[in-house]
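We begin with a single chain expressed as C-alpha cells, specifically the form predicted alone.
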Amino acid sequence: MPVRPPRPSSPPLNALRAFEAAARLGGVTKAAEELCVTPGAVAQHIKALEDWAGARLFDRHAKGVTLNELGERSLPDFLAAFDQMNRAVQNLRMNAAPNSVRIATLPSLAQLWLSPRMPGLRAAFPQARISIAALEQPPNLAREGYDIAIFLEPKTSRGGLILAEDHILPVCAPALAKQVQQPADLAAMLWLKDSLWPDDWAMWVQKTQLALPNLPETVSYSLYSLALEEARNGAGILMGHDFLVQASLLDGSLVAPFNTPVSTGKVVKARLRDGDQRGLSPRLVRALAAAA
C-alpha cells in the first residue's frame, strides 16, 4: 500500500500579495487601494499569513502598522518574487499580443500633446494597437500593465528619453492681449492655472523678476484642457506650458503678450517597461522623440 503523507500547506497567493503590497507601500490602506480591495480584506490576508508562519510580520499601533524585524528580513525576497512574476505576466501579454501597446500619461499630455501625434503614429505603425490611459501619477511599470509612461520629470532624473523641454509663459486670447501692453498690466487680469501646477505663476513672476503692486485673482482648473479653452474664450491669462499651448499659438487662437519663457527645470520624458527593449514600444518612443 503506497504511503502518501499530506503535503505541507502553502499560504494562499492573496495572503502573500497582501503582505508584499502593505510592506512595500507602508500601510494597509495604500495596499488596499493598489489591490482594489478593502483595508479589512488586506488585514485579514496578512493575519492569515502570520497564522500560517506562526509569527507576526507587522507591529500594530493606533496609527496603523509597521514592519517588524521578521517582516523587514522577509520583504526583499517577496519584492524580488513579485517583480519576477509581474515580468513573466507582462512578457506573456506582450508575446500573446505583440502589436498591443499601452501608454500611460498625464491627462494634459494625453489630450494636448499625444493625441495630435496619434495620426502620425498610426500611419507609421499601421499594425500597432495603441491604447492611452490618463493618470495623475506615473504608474509602476514593473507592476502595472503599461508599456510606456510619459510624464513630466525633473530634468536631472536619470534614464528615459526626453521628448520635450518644459517652459512656461503667459498666453491669452488675441483680444485680451490688446489690454496687456507691459508686464505690470498683468496685475489687473484674472490669472488661470492648472491645479496640478499651482505654483506656475509664482515661479514665472520670481524668475522674470516682475514687480507687481498686488497679486491678482486666480482661477484653478482640474484639467489643463479646460483652462486652455477658457483662455481661448478670453476668460483670463493662462500660464502656458509651451509644449501644451504650441498648437494654439500656431493657429492664432492664443498669443503670448511677452516673449519671456521660463524653464521649470522639468522635461517630458518617456520610460519603457523594464526589459522591454524590443517590439513596438521602443520604436514608438523613438518616433515620438523624432516628431517632437
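Here the structure is a predicted model, which means the values were calculated and not measured. Position 1 is the first residue in the sequence shown; the rest follow in order.
In what follows, reference is made to the form predicted together with the DNA, a form of this protein that is not presented.
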{"item": "The DNA contact at Val28 in the model of the complex, heavy atom, 4.5 Å", "value": "yes"}
{"item": "Contact test in the model of the complex: His45 vs the DNA, heavy atoms, 4.5 Å", "value": "yes"}
{"item": "Close approach of Gly252 to the DNA in the model of the complex, 4.5 Å, heavy atom", "value": "no"}
{"item": "Interface membership of Ala41, the DNA in the model of the complex, 4.5 Å heavy atom rule", "value": "yes"}
{"item": "Listed residue (Leu49, Val65, Val267, Val245) with a non-hydrogen atom within 4.5 angstroms of the DNA in the model of the complex", "value": "Val65"}
{"item": "Proximity to the DNA in the model of the complex, single hit among Ala53, Leu223, Val37, Leu70 (heavy atom within 4.5 Å)", "value": "Val37"}
{"item": "Option from 236-244, 56-64, 257-265, 223-231 whose residues, in the model of the complex, bring a heavy atom within 4.5 Å of the DNA", "value": "56-64"}
